[in-house]
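Take a look at this single chain, the form predicted alone, given in structure tokens.
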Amino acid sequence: MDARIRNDFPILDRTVHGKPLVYLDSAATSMKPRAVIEAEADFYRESYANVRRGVYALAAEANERYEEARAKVASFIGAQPGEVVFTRGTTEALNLAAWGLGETVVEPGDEILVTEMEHHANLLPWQETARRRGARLAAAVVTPSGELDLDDLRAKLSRRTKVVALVHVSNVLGTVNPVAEIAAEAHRVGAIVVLDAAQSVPHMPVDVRELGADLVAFSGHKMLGPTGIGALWGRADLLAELPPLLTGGEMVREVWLNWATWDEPPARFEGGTPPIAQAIGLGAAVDYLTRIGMEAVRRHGEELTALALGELLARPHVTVYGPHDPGVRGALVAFSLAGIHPHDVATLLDQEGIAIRGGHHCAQPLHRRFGIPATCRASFYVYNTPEEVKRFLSALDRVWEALR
């Protein structure tokens, strides 16, 4: 990756505890390039107004920039603008999907199928939907090597299965699930497929048509964009059938004291004042990633992951979780050091200026599957370098010597 890319991220110039910052927690949230920071600031300085309301010049400009951002996001994932609903992030998008499908598709006695590797954001909404609708929640298991057991998933699919909700790339294991294959199996029994793409859209080319899922959720803050913005893509015919999660201003056609009629998607799902500036910032992030090229983003992630993975696997005191082939995993590595709590590892690495994640990564059932309370996780993005990975590995060796 071009070294000039790193210079676009002002926060990476700072030091932590007197050491140059090495940020290896992009799976949690990514840093922002100047282009994104300035796009959001420029909107506040030049064109700020609410959208879908005023007829004055500023309002028209704001609305145009907001819808331009939607069009950029849609193009980025191979969709049409009318199929992209802006949300506050992946979590809200998945809650919207779960609520809407619960109201229209899931009946008492039906089944919802998830997997053991789900982030809580793609588990808790389905727990609530199953509870609310009197349905059963089942989970496809994960193999010891950290891959989804497709035979188990197929065995658990039936005509009672109304929804299959799964992650595209595990935020712990890095596993890239074969979504198109799973979607085809699910559709054969009439199930709707909901995909958590929070860890895939930022890191690899994603075309929602090729994936075959019916609803796809992702966040802006993990793909160089601002916090407080994400999206739910859905098939146009499916979105037209779903009720809104949030109700309020500007998502209706008519309101009477005792009833109302919803607007067409995507406006139907964007009640109240939306995250306008954040959407514009996300549009700038999409422009930035498009200039790099998502194939190049994917290759860079694979190269850094391969470097870290190979070195970690060579250390007998390190346990790595997930597939050992960097070509079939995302740009992250979860691991543990024998006998040492991940929080201690992360704390000592922080003293070296190195930021990694230590914890259960909002995936407690998955950690229980492997019999561990937590893991360490190093995750990479476009601004990271091989030299930073080597610095992380060298510091990790010092942590081991200090705490073994």
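Just so it is clear, the structure is predicted and the values come from calculations on it, not from any experiment. So that there is no doubt, residue numbering starts at 1 and follows the sequence shown.
Quick note: we don't show the form predicted together with a small molecule, though the next part is all about it.
For a residue to qualify, one of its non-hydrogen atoms must sit within 4.5 Å of the small molecule in the predicted bound form; none of 224, 329 and 384 qualifies. Shown without its partner, this chain lists 119, 315, 268, 72 as candidates; in the predicted bound form, only 119 has a non-hydrogen atom within 4.5 angstroms of the small molecule. In summary, among the residues 125, 174, 89, 102, the only one with a non-hydrogen atom within 4.5 Å of the small molecule in the predicted bound form is 89.
Only one of 22 to 30, 344 to 352, 37 to 45, 52 to 60 lies within 4.5 Å of the small molecule in the predicted bound form by heavy atoms, and it is 22 to 30. Heavy atoms of residue 194 never reach within 4.5 Å of the small molecule in the predicted bound form, leaving it off the interface. The shortest heavy atom separation between residue 167 and the small molecule in the predicted bound form is within 4.5 Å. In the predicted bound form, the small molecule sits within 4.5 Å of a heavy atom of residue 198.
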